[in-house]
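Only one chain is included here, represented as C-alpha cells and corresponding to the form predicted alone.
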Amino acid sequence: MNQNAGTVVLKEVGKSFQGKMACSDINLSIREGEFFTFLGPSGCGKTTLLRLIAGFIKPDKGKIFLNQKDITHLEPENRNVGMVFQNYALFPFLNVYENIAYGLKIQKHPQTKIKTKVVQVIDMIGLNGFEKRNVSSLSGGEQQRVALARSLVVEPKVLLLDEPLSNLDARLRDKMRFEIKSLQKELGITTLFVTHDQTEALTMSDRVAVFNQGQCVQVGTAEEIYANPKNAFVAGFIGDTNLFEVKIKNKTAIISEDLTLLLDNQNQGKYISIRPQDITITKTDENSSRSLEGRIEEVIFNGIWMDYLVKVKGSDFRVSVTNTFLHSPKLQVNDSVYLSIDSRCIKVID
C-alpha cells in the first residue's frame, strides 16, 4: 500500500463497542489532495472510522498512518487533522471571529498572526462583515461555513467532514455541496467526507468507499461503483435499480418460470441489476423479439423524471423517463405498455 506524502492509510483497522463490532479489518489508502467519501447507511461504521482517524477514539487493532507517520495512538491535537462535526460544535458564547480563531489561540500563535489568518479564511468562505455576529444568530448555512473556517484556519493536513450538510434544507445542501467541493479543489487539501446521502457521494467525490455492517464492501470512483456494483447491497444503495434474484443458464437470467432476460455474457451471480433509466417504455411493441409486455400500476411525477411502476408477469419494474416538453410519453395507470432492455444494461452481481 503506497504511503505518499499527505495520504491517510488504514491497515487492518477494527473497533468494537461493548462487544459489538463497529468496523472490522478496514484497509484503505487515501491519496494526497483527494476528496474521499465514506458512504453507507446509519450504523455501518463510517463515523467511527472518521473518529478513529481524528483520534477521539483508539482502534482495538490495526494502524493509522498520516504522511507515513504512525498516528494510531497520538492525541487529536497532535495529528494535524481538522474535523467538522454534524452539529458544527460551535461555541455559542463566542462570536464568529472568536470561534474561528479558537484553534490558533490554543496553539498559542501571536495575535498578529491569528488576525491575519482569520481574516484570510473569513474572506475565503464569504463571511466578510460577520466577524462580530454571535453564531446563534446565524443561519444553518452560515454556521456550517464558520465550522469549516475554524477547521481550515489551522491548516490541517487532512480535513474530516462528518455529515456536515445533513441539517440543511435541500436547496442549501445543493449550494453547499458545490462550495465545499470548489474550496477543497482550490486548497488541494486531502478531505474525508462521511455521508449516507448517495447524491452527495456521487457529485462530490474523487473516490467512494461503500460500507455495510462495519465492512468496506467496495472502493472506486462514483462512476465505477454506479456502473459496476460489486454486490446486491451496493447496487441497491448507490442509485435506484431493479434488483431481481435469478438463476442463470445459457446466458439467460431466469426471474420466474415465464419471465427470462437474455444476458450479454455468461457471468455467474445470484442477482441482476437494471437501472430504471436503462429501460425503454413504449405504448406499441417496437422490439417484438425482446419486448416485455406489462401494465402500469403507478405513475410518479418527480419534476425532471417520470417514474413508472410496471407489472410484468408478476414482477415489478421501475422505469424512469426524462420529463421533457416534447418527448415525455403520455402514459397513465392501467395502460398496457412494452419494456425493452438492452442486454448490456443488465448487470449480473453476487
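The model shown is predicted, which means the values in this text are computed figures rather than measured ones. The first residue of the shown sequence is 1; numbering continues from there.
What follows is about the form predicted in complex with a small molecule, which we do not show.
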Candidate from 266, 86, 137, 203 lying within 4.5 Å of the small molecule in the predicted bound form - any heavy atom: 86
Residue 43: touches the small molecule in the predicted bound form, heavy atom cutoff 4.5 angstroms: yes
Heavy atom of residue 67 within 4.5 Å of the small molecule in the predicted bound form: no
Residue 51, heavy atom within 4.5 angstroms of the small molecule in the predicted bound form: yes
Residue contact check: residue 22 to the small molecule in the predicted bound form, 4.5 Å heavy atom: yes
Stretch in contact, per heavy atom within 4.5 angstroms of the small molecule in the predicted bound form, of 59-67, 35-43, 307-315, 278-286: 35-43
